[in-house]
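Only one chain is given next, in structure tokens, and it is the form predicted alone.
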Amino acid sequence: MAKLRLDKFLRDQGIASRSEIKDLVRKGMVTVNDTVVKDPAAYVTSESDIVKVNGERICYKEFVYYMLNKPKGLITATEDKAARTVLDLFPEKIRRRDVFPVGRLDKDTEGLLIVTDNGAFAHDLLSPKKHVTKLYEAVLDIYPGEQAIKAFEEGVDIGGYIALPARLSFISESDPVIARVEIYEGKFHQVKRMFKAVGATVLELKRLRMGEVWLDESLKPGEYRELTDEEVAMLMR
């Protein structure tokens, strides 16, 4: 149970900018336990005090976690001067929390992307030492043969770097060739470079799973939802 300044409490929840929050408070539009509070520096207890803005209760969340079905055509970044980013899919209230994508998916890659404001959580998800697997489905131009499975298991050279051992399987060996690969790291263009090392070109790529959490099939490209408490716990294991 944390004690926070009222303006920080509201800022952390993405209600408005700092200056806008101070204005709301001083105009008497914020109540704590049904009492108007006009001092933005007043302290509130995050889990027990009832804070409302314009009569709407604001429930405190230390961190937020979202599952996004990333569409093709957007870059995985918090901002970019020339291109749309995955954060453009989220409303301003969420973006104000300084959320960011966990890891990267290429512009032409789609699928599961986690968006959060918890830096330690993101670090653990991306660290190879934590052994959080990532499962991708790839459409290939050719079938690289059974030898590719062994090559992935041993670790392929992706240009001066030997990738960690990965699991490769084939859903279809022709018309089209569809493969699934499970990796433990996320080097630049890694999956594409791994397939190139065994003579195949990735035509389409989609991330299906991180750890034990699968992409929600009900989410259309560009849609997102909050992770359940169970899903967050699975990713934190």
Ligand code: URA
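Numbering starts at 1 and follows the sequence shown. From a predicted model like this one, the values you see are computed outputs, not experimental measurements.
In what follows, reference is made to the form predicted in complex with the ligand, a form of this protein that is not presented.
For the ligand in the model of the complex, the listed stretch (189 to 197, 170 to 178, 47 to 55, 33 to 41) containing residues with heavy atoms inside 4.5 Å is 189 to 197.
Checked against the ligand in the model of the complex, the candidates Ala148, Val102, Leu105, Val86 yield a single residue with a heavy atom inside 4.5 Å, and that residue is Leu105.
The closest heavy atom approach of Phe152 to the ligand in the model of the complex falls outside 4.5 Å. Interface membership of Met210, defined by any non-hydrogen atom within 4.5 Å of the ligand in the model of the complex, is ruled out. The ligand in the model of the complex is approached by Leu205, whose closest heavy atom lies within 4.5 angstroms of it. For the stretch 129 to 145, the set of residues having any non-hydrogen atom within 4.5 angstroms of the ligand in the model of the complex comprises only Tyr136.
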